[in-house]
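The form predicted on its own is given below as one chain in structure tokens.
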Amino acid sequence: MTVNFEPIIGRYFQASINDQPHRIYMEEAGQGIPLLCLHTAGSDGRQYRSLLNSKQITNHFRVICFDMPWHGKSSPPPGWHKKEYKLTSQQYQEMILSVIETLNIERPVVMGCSIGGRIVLHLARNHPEKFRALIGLQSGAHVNPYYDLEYLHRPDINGQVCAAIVSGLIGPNVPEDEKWETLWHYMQAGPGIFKGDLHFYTDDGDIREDLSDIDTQKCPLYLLTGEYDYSSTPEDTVDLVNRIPGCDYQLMTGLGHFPMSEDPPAFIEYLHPILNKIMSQPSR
């Protein structure tokens, strides 16, 4: 019987991140312009599985998805059991730059969703020269906590509460199988990891006062936001557009907070024109 293997290559690499040794898991597919994908809080790189399998994309881009430390198949650093996990903007940026340096990637396109969409704004402000382009999915400058985050790390509550909390952020008419696979990833997160990611999302990563420092002439910035998202709303992204001259914005009809995993074909239809623009730009 012929086995129908997917074109995805998965492997581990060693990296020093924030002065600590890490064993990081990554998956990649395709050749061409490097496209580094950043997953959402409490999840992992499996969210981008459909991009890795899309010949429409991998014929022109080397798609790279890594699991952040503590997430998915990546391990936490030695001594993790002695401290509370709390993601900060400085740590997050250092992580991304360390991965790029370790993998010898030259000026990639970086695309991130949710916390990844927020850190894209920090990268645009602080390190624009290191990237060919930046793509923010469900990007917003700040969000106030709208539920008690302490419930995300309690021994008397099953980890499935993380999936229950994010389930309302998914578009109401997306394919059922894709919806539940998106939620399955949240059911598997390590204890306290989702809560630690949200420290960046709701507190440390607030970039409202620094948006005027972003110069899209130094690095193009593209924003895509699903209409069914009450965490990072379309209005939040429009606020970015009004405060960051030159950024490109498109509303994604019918999609929610996890566009790349909740309805991949619909998402790719919105992403493809952006990738075409990036390919047409001269590499500086």
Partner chain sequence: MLENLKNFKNTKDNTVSQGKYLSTVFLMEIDHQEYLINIHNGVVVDVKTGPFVMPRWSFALRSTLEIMEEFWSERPKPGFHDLMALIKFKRMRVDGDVQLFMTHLFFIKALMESMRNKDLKS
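Just so it is clear, the structure is predicted and the values come from calculations on it, not from any experiment. Residue numbers count along the first chain shown, from 1.
The same protein has a further form, the form predicted together with its partner chain, not shown here; the description that follows concerns it.
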query: is_contact(N173, its partner chain) in the predicted complex, heavy atom dist at most 4.5 Å; finding: yes
query: Contact of A141 with its partner chain in the predicted complex (heavy atom, 4.5 Å); finding: no
query: Close approach of Q90 to its partner chain in the predicted complex, 4.5 Å, heavy atom; finding: no
query: Heavy atom of R154 within 4.5 Å of its partner chain in the predicted complex; finding: yes
query: Its partner chain in the predicted complex: contacting segment from 33 to 41, 60 to 68, 46 to 54, 221 to 229, heavy atom within 4.5 Å; finding: 221 to 229
query: One residue of M95, I115, A124, A163 in contact with its partner chain, assessed in the predicted complex (non-hydrogen atom, 4.5 angstroms); finding: A163
